[in-house]
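Below you will find one chain, with nothing else, as structure tokens; this is the form predicted on its own, and questions on how it binds or moves follow later.
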């Protein structure tokens, strides 16, 4: 049995904040891998706002090269149309029946969990690791958790990792971490304005965007 983290998103483009979240999760949880899953067309965004998925897949592959536990999944990229987490989870369960899955989401995204397709079933069919994001503290998430009648499991101190026997199916964990205050929106804005994005994205991703004139 493998413990697999699912890190979905638009990744338009992937930036160092995304990688920091994944690094903190893999350090604190005994996951065997983290799958980065770019959505084909995010349900809440206009297709015109997002570069073609082939570019986002390539940028993720470049960003994950230095991380042996990070992989890129095309499970949503191969399925035209809106990408829904519940559909993705069930497809992965069929493909990897021996795996246990953990959705990794930022606290800002989790605040909208009640708008997700079949969110109640999603919360029972896998575990969630909710990671704090700048400006969206765990306290806000706790209000949502109380409203939908969930129980969040405590996370040990920063220097302590979660033991695998404590990772029960259907669990929800709140992870408070310090991540860079970077957004894909800001990266795109800077590129469009002709400003540098060095230090916001991996160097290889920066080179790829310049080569293909993405977001400019």
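What you see is a predicted model, and the numbers here were worked out from it, not measured in a lab. Positions refer to the first chain, counted from 1.
Another form, the form predicted in complex with a small molecule, is not on view; read the next lines as being about it.
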**Request:** Using heavy atoms and a 4.5 Å cut-off, decide whether 10, 105 and 179 all contact the small molecule in the model of the complex.
**Result:** yes
**Asked** Which listed residue (132, 73, 127, 88) meets the criterion of a heavy atom within 4.5 Å of the small molecule in the model of the complex?
**Response** 132
**Segment assignment from 143-151, 180-188, 63-71, 23-31: heavy atom within 4.5 Å of the small molecule in the model of the complex** = 180-188
**Prompt:** Would residue 17 show up as a contact with the small molecule in the model of the complex if we use heavy atoms at 4.5 Å?
**Reply:** yes
**Contact of residue 138 with the small molecule in the model of the complex (heavy atom, 4.5 Å)** = no
**Message:** Taking the small molecule as it sits in the model of the complex, is residue 113 in contact with it (heavy atom to heavy atom, 4.5 Å or less)?
**Reply:** no
**Asked** Do residue 109 and the small molecule share at least one heavy atom pair within 4.5 Å in the model of the complex?
**Response** yes
